[in-house]
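This document starts with one chain, in the form predicted alone, laid out as structure tokens.
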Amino acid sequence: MVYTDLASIDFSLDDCPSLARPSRVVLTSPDYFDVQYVINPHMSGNIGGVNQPVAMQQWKALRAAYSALDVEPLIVDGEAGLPDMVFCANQTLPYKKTDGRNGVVLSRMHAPERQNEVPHYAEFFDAIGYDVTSLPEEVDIDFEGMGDAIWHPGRRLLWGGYGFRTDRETYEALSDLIDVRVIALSLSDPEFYHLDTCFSVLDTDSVLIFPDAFDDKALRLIHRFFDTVVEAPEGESRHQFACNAHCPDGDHVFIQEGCTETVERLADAGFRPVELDTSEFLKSGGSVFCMKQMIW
């Protein structure tokens, strides 16, 4: 149930069970956020360069933006010694079980610097009633949650990026574990090391991408399942993380401020961009999508 090219596709969106849009958002406080090491190209030159008070204000503005759309924020406290824990899309994959219960798959972080983040989220999800599970121990694979595995809006279908933080083989194990089809897309540019840096789902029929992050095979798959493909320009994608945007309601799109061309293209496609300043978090290689985890 893992698909990597157009020729292998033997289903349509109508064949995928419906999936309700999540109505709550997990956010992790940036009390200890900083750049203390380099595990992606965007961190280079930024060690010790985070303005902590500004980062906190930017995070509070993001929290307020979700609240304004009646998306309930659930806050996880950041932990000392885990400066990237604020990027809470990465440590888990929440999902709906076929019986309607809530489940979550824990990540296996690629970088040793981030591996100790995962147990804190296991505790959080257990406390709110999620069934917590992990990939099979006998399979030696990396997996970075919704940084790479992204639900198709309204459908039980996963888009999975691989090549830097998540292994291709992960999706075979994940598909078996939670009984879901996965469309796997190869990533080859180290500046777009997670799928969420170059691919942001907007609604059932629309997606925002940076096309040069994908090969022709991946682009054909994207165009097969989305009627509207909004393309972000290279400068805004590489330097302002335009595609690390998030559309929580199929209408508003939270995006790093100053992505002028992308904002215009989103508006032309019928969406309402909401510009937010995440400049402190860009220093560590993340923006809006990385800083949240949507849950049911």
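From 1 onward, residues are counted along the sequence shown. The structure displayed is predicted, hence computed values, not measured ones.
Keep in mind that the form predicted together with arginine (ARG) is not shown, yet the notes after this line are about it.
Mapping the unseen interface onto this chain, residue 244 counts among the residues with a heavy atom inside 4.5 Å of arginine (ARG) in the model of the complex. For the chain shown alone, residue 147 is a contact residue for arginine (ARG) in the model of the complex, at least one non-hydrogen atom being within 4.5 angstroms.
Residue contact with arginine (ARG) in the model of the complex: residue 193 places a heavy atom within 4.5 Å of it. Residue contact check for residue 197: one or more of its heavy atoms lie within 4.5 Å of arginine (ARG) in the model of the complex.
With the partner omitted here, the stretch from 176-184, 84-92, 199-207, 222-230 that lies within 4.5 Å of arginine (ARG) by heavy atoms in the model of the complex is 84-92. Taking a 4.5 Å heavy atom cutoff to arginine (ARG) in the model of the complex, the one contacting residue in 42-66 is 43.
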